[in-house]
Each structure stands twice: as C-alpha cells, then as structure tokens.
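Shown next as structure tokens: one chain only, the form predicted alone.
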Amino acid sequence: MHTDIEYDPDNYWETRGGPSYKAYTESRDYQIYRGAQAAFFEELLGRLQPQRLLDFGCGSGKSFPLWCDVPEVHGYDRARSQIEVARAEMLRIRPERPYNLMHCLTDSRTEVPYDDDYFDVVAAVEVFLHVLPTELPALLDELNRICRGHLAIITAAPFENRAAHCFNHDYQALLKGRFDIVDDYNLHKQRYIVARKLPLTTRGEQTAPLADLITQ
C-alpha cells in the first residue's frame, strides 16, 4: 500500500493523466456520473449566471461541455499530459471562444496564480479527494482568495483509499471560515457541495439554501 510520503501528486497525475484518464471518463461505467454532474451544474450555473468560471484541476477537460454558456472560462491543471488533451477537447467544444488553459508548476502545489476575487464560480470536479490532507487547507485559502462568489465541489461520497491516493476529507470543517456551505448531498456515490465565499464582515452567518440563491 502507498503511504502519503510515497504519493507525489505531480508525478502521479503526469503519468496517469492524458489519454488514459480521458478514456476512463468516457467509459460506459462513468456515464451515470456524467449525467448527474451535468444536471448539477445546469441548475447551479442557471441560477448564478457566472461571467468568469475556473475549472480547477480540469484534467483532460471532461467537464468542458458544461461551461459552454459561461462567457469567460479558465482551466487549470498541474499535469502537462492532462492539459494537452484538454486543449484538444476545448477546441472541439468551443473553438469560437476558446477557454483559457493554464499548466503551471510552482514550488508549492497550493499556489494558484490568479488575481484576487477574479472568479464568480470555482468548480473542483473530482479533484480534492486526490489532494493530500496536509495541503488542502492552504489550497482552500488560495481558492478563497481568487473566488468572489461560489465554490462547487464534486468528490467521492464518504470514501478513503490511500492505496489509490483517495482521501476522505472533512469538508464541513475545512470550509468553515472560508466558505459557507449552502448545499451538500450525496448522489451515485459522489458528494455535491456548493459553498459561498464568506465576506470578511459576515463570516459565520447562516446562508440560504441553494433554491434561494440569487445572482450576485
């Protein structure tokens, strides 16, 4: 079994990513997740009407078809093998208004090179379950910094398998003080979380359920 020390996310996803990961997300077994994710984001984006969206950990671009109606879309991933496949997917999906893709390796995996309060929505689809527990708090600080609206998370519903480099994080505790959870449910063995960035003046206040959200 792998240990946390043996797991180097950059090396692991550079090797595992690209065409092989794209084939997995397009397999018949994965389609139940694709359908649920599409319905989730159709509802969320329809309500929020974001102008700028970040697909954080975009991988091979499996979620790119979901962002076609968002005016400005950015995709970020640290694995070059993933971004190369994602670029071809992006050109297929929306060649007239290309997404802005970034492959960036810095010394810290928790550094995200975007301006403060830049994105209306940050989407992390099946990303955080692969982030080391020691690194996720700092990463969420960065996503809080660059987000001015909502964080949308899709992850594995209670599941932990360190041999496969999957971690079951305590999202309620991790998001507290950074984002206020407005929706949280499980579907098809996945967990769907919508959280709104807490303004400095109102941190700790209760927020409305997803059905009551209005465009900021």
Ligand SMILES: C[S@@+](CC[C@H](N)C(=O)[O-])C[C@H]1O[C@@H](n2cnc3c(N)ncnc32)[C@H](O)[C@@H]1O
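Please read all numbers here as calculations on a predicted model, not as lab measurements. In this text, residue numbers run from 1 along the sequence as written.
From this point on, the text means the form predicted together with the named molecule, which you will not see here.
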Just one stretch in 59 to 67, 43 to 51, 176 to 184, 144 to 152 has heavy atoms within 4.5 Å of the named molecule in the predicted bound form, so which one is it?
59 to 67
In the predicted bound form, the one of V73, L139, V121, M90 near the named molecule [non-hydrogen atom within 4.5 angstroms]
L139
Whether V127 contacts the named molecule in the predicted bound form should be assessed with a 4.5 Å heavy atom distance threshold; does it?
yes
Under a 4.5 Å heavy atom criterion, is R34 part of the interface with the named molecule in the predicted bound form?
yes
Looking in the predicted bound form, any heavy atom of R109 within 4.5 Å of the named molecule?
yes
Do R94 and the named molecule come within 4.5 Å of each other in the predicted bound form, heavy atoms counted?
no
Residues from 73 to 106 in contact with the named molecule (non-hydrogen atom within 4.5 Å) in the predicted bound form
Y76, D77, R78, A79, Q82
